[in-house]
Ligand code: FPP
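One chain is shown next in structure tokens, namely the form predicted alone.
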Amino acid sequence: MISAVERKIEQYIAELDDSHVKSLYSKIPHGKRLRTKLILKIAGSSLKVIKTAATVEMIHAASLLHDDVIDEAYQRRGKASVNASDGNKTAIMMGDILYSKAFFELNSISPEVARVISNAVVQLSLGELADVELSKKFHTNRDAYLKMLYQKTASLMEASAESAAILVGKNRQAYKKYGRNLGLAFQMIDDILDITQDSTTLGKPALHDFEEGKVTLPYIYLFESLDEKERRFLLSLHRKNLTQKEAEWIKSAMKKHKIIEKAYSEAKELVDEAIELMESLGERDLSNIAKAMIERAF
């Protein structure tokens, strides 16, 4: 039923009656549609469920458009980003259009669903702001990083699962927790893959997060494991276009101190909790989605 969600999004875009917007939307990669998969698995495929998934995907796309402008990212999943092809102003306005249309359509679904998803967008925006602030200098504030991770990524995943549960009268708190854990683990794995995978697989330069100024969990753990001289060297590389030798030093240090294993273990703990919760509710498909999350190569 993912195709039904795609058709609903296309309908929403067509209703805007703007050929430029339609063209811009066609340039946005669809991605994994993980939020849609969660919503459909939890709630089935009624019209309200399809509409909910469509609005969530539009909100997610809008956040990525803004994210690419903020990060000055010129690729998105191996394709030129909209800010690269059409400029920052166009990317920002396209994001605003998607947000606005999604909020308009939420009103026809359910007041409670609209409240849950709208709150997630507030959290998402707060998380984006926190990400910008945290990226200004190297930090070792794990709690601030995890809070930002929840707001920027996990909040919308959490809202997707909770909204789906609301629509079919399931235990909203259980599915909310599942979505939260999945969202946190998803981003943690993304942060790990930025270090372990090559540029071709990522669709963007490897170690790009650190060059942008982002201090993710592996870098926090690495800093804690280094001696004073090595810490100074790591700090000197922050927000810098890394040479191959410098990138290899980071990867070698990560390997020496088993940093990737430590960060992966933290993500796996969240996924294991989500799996246990879903299996207790007989949700085998949702359990399998969580398992696939921790095993993915990208």
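Bear in mind that the values here come from a model prediction, so they are computed numbers and not experimental data. The numbering used is simple: start at 1 and walk along the sequence shown.
The next section is about a form of this same protein that is not shown, the form predicted together with this ligand.
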Going by heavy atom distances of 4.5 angstroms or less, which of Tyr99, Phe223, Phe138, Tyr150 would be at the interface with this ligand in the model of the complex?
Tyr99
Heavy atom within 4.5 Å of this ligand in the model of the complex: which of Leu124, Ile192, Ile109, Ala165 fits that? Just give me the one.
Leu124
Among 110-118, 182-190, 78-86, 223-231, which stretch has residues whose heavy atoms lie within 4.5 Å of this ligand in the model of the complex?
182-190
Leu235: touches this ligand in the model of the complex, heavy atom cutoff 4.5 angstroms:
no
Touches this ligand in the model of the complex: His66 (any heavy atom, 4.5 Å):
yes
Given that the partner is absent here, does Glu105 sit within 4.5 Å of this ligand in the model of the complex, heavy atoms only?
no
Does any heavy atom of Lys214 come within 4.5 Å of a heavy atom of this ligand in the model of the complex?
yes
